[in-house]
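Next up: just one chain, as structure tokens, the form predicted on its own.
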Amino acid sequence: MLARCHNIEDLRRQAARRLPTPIFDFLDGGAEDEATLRNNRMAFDREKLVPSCLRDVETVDTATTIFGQASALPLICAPTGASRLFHPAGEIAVARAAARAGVPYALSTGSTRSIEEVAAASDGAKIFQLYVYKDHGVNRELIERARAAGYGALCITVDVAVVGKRERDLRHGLSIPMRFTPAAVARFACSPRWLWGVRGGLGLGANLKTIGGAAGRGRGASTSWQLDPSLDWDGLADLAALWNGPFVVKGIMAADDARHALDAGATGIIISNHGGRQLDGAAAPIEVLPAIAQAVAGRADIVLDGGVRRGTHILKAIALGAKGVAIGRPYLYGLAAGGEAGVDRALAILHKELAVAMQLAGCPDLGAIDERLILRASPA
């Protein structure tokens, strides 16, 4: 089946066939009317390419460095929680596939495999993503564990002061704590393969259950009550100092915030609206990228997260000022469609599409991609 998946949408359709509807909706859905979710992709279509001809593009070089880590293409696997909902191998499969593809993998605080398990399973480049909790001791312990396990960068997600209103999840009862509706339970019963896969448990809250030893048990079932909505720039600077290494801020959408992040110690920025799962009606990351790139002015790596489904999307993001992109749903569609091999397929599709797009645009390497590739309206 994977051989018949020629693009990310094919993997998405395969994932929809394999997952129970409530679980697929958790993966696929966004907040409220899902306007931001739709616009994240549509905004790429509004950016038109102007290719150059008669360049030597017999071979193209897609290699780069992102957040201080070598990458075979300008892409990282973004942090996504609860991956064992989509396949029993969960984050282990993603980490191994990312390492084979030569791209960094960002592990979420909300992962279903622990910081240490993922580190032991793959020697690829890894980033740890932290949700900031009210209990600063929890934050410190997670950071120290990531350091000890060899994660090369720390990523702080800053766009989840509270959890967005994700109505597909509410209808299914897929909330924290989970209380599935009778209709959702019936849909699970129609997916025996999925039920068999999760018979050993979902591993929810794997990173929190061991915090503080026995005192941490039970924390994994809930996150929203622990998130710190009072986090400010001073608090971010404290976390940067505590990590004292490559420090990435995820969830930036405004140029002023990008400047503040740099002042607080950020060495990398991920432009993101959380995949349309937080504030509905927010701009698409590709729409705000040029202003943020201008504000950052080369002082930090910029990665664009949101709506990336094609190699041409990666090309457009780089042309508008990004160092690379982050993908979440695309590799999770692959994970749901075919486990580790499905993640391999998703990454291979995007790599091939990017290489072809670069050849057709006349770009033998990433350094040849710039704003001249993007059509801009003539001044009035």
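What you see is a predicted model; the values in this text were computed from it and never measured. Heads up: residue numbers just count along the shown sequence, starting at 1.
One more form of this protein exists, namely the form predicted in complex with a small molecule; it is left out here, but the text below deals with it.
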Among 115-123, 138-146, 266-274, 198-206, which stretch has residues with heavy atoms no more than 4.5 Å from the small molecule in the predicted bound form?
266-274
Quick check on this chain: which one of 151, 105, 243, 131 has a heavy atom within 4.5 Å of the small molecule in the predicted bound form?
131
Pick from 296, 101, 284, 78: which has a non-hydrogen atom within 4.5 Å of the small molecule in the predicted bound form?
78
Even though the small molecule is not shown here, does residue 301 get within 4.5 Å of it in the predicted bound form, heavy atoms only?
no
Distance check, residue 157 to the small molecule in the predicted bound form, heavy atom within 4.5 Å:
yes
Can you tell me if residue 327 lies within 4.5 angstroms of the small molecule in the predicted bound form, counting non-hydrogen atoms only?
yes
I'd like to check something about residue 27: if you look in the predicted bound form, is any of its heavy atoms closer than or equal to 4.5 Å to a heavy atom of the small molecule?
yes
Among 86, 309 and 332, does every residue place a heavy atom within 4.5 Å of the small molecule in the predicted bound form?
yes
